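Below sits a lone chain in structure tokens, taken as the form predicted on its own.
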């Protein structure tokens, strides 16, 4: 039986950016686009070129190698030709493969928001789509407030969808913008759209989560005939968020109600990277992953001791709806640690580290990781640090240098104008081949001063780290009070464009930062020798 293809459209970088507290930099967007592209998402929507400097800079280059790279924007303004609309010009000039237009499909919004006639709005949809197709790009139309619009004026909402389709839109996306539509309504309205002449394999669904049913609504739309799903990583988005692709993807892949009829680009091998993708995204946002998120949460396959654990030992299917390793997660309660070993062996193998199941160093590594995670380390978002820990445990890291110690001093004083001035001074002492090197540096912040001092004089390795750049620095307090445990995550890059992430944990923020800095430098030296980086630096 031939399965029908479901296309996955990620709007994390556009709709997800509407989330309170999320404000992506260009570097953040580049990193996330790369993660999505590598994972196998079909469409990556990057933002709104021309609307703000960040998105305009992001679209100066094509940011995906496999996924269709999508620019978002509004249809042409009423009363203005396509050729004279600066918004359309920005979209056509963007280095994207496709353009997704947001179009009004509720006549109430056409009147109030656009201030034009229903016919003028239909013309804007038609002419905008034609312009994109003529430019050789794929056209998509998000029919905003479609379900509310259909309930208010079904004829006009349907006319908007069919106008987009008849003028060349590859995808006509039905949006539950206010997030209040229920699954039975979604199913009935999608069926009405298909009956009106827009084929299901040209239809998409864009659901918001205001009643907690964005995933259910997306699946209802698929059952009714749509073949594209729009959503975001971990369900981020304005208000209550968007449909969570991290939940939708494994449901489509692993549940017989769907995988017997449909397929996506995410095969079984790619699906094992799902937990890593979800957690790495949360680390980039500098927030703690949701422990109870379906499939990928730390508690998704955890069970307390007792009757459940006993049954799990006999047969995991008694209390697990899918195998945790299928999504890259771990079973948290086991009398035997063989399942844990298998996951570690697989993770090490993917980094080019071969280890036997009965190697005592493997047991040592597992115990170290468990102990460190209990104290606050998080290796899902710090692959470089995990690889270094594994290689250090296996004894395969050269002794590049020895840290003899460091000192940081912070001075708060007033300048000649009576203004407060904070100055940090750091001293770092290392030994290379028996030679002691001591460096001093000043900066406004203590971590910056430490970084400058650490890399100021690296003896024979200095030329190797000249292109090392700290791209980002995130601090998370793991418990309350001034004595809190602190986790520091550092993102580094070099002239090759490769990025890697390192982590440090301590009850002293400076010490935690220095741990992450040290790992970053050592990883760079290992990478230069092709001794590390098969996964962490992808």
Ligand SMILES: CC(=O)SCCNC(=O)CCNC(=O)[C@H](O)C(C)(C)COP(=O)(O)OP(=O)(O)OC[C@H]1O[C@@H](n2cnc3c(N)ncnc32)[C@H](O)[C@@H]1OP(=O)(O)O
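Numbering follows the first chain given and starts at 1. As the structure is a prediction and not an experimental result, all values here were calculated from the model.
Keep in mind that the form predicted together with this ligand is not shown, yet the notes after this line are about it.
Novice: Based on heavy atom distances of at most 4.5 Å to this ligand in the model of the complex, which listed stretch, 269 to 277, 112 to 120, 287 to 295, 457 to 465, is the contact stretch?
Specialist: Selected stretch: 112 to 120.
Novice: Would you check whether this ligand, in the model of the complex, lies within 4.5 angstroms of a non-hydrogen atom from each of 406, 431 and 520?
Specialist: Looking in the model of the complex, the three residues 406, 431 and 520 all stay beyond 4.5 Å of this ligand (heavy atoms).
Novice: Answer for residue 102 alone: is it within 4.5 Å of this ligand in the model of the complex, judged on heavy atom distances?
Specialist: Although this ligand is absent here, residue 102 would touch it in the model of the complex, with heavy atoms inside 4.5 Å.
Novice: Should residue 177 be classed as touching this ligand in the model of the complex when contacts are defined as heavy atoms within 4.5 Å?
Specialist: Yes - in the model of the complex, heavy atoms of residue 177 and this ligand come within 4.5 Å of each other.
Novice: In the model of the complex, is there a heavy atom of this ligand that lies within 4.5 Å of any heavy atom of residue 43, even though the partner is absent here?
Specialist: Answer no; every heavy atom of residue 43 is more than 4.5 Å from this ligand in the model of the complex.
Novice: Contact between residue 58 and this ligand in the model of the complex at 4.5 Å, heavy atoms?
Specialist: Answer no; every heavy atom of residue 58 is more than 4.5 Å from this ligand in the model of the complex.
Novice: Which residue among 263, 166, 238, 185 has a heavy atom within 4.5 angstroms of this ligand in the model of the complex?
Specialist: If I apply the 4.5 Å criterion carefully, the residue I get is 238.
Novice: Just one of 385, 75, 228, 329 has a heavy atom within 4.5 Å of this ligand in the model of the complex. Which one?
Specialist: For this set of options, the contacting one is 75.
Novice: Could you run down 39 to 62 and flag each residue that has a heavy atom within 4.5 Å of this ligand in the model of the complex?
Specialist: The stretch touches the partner through 48, 51.
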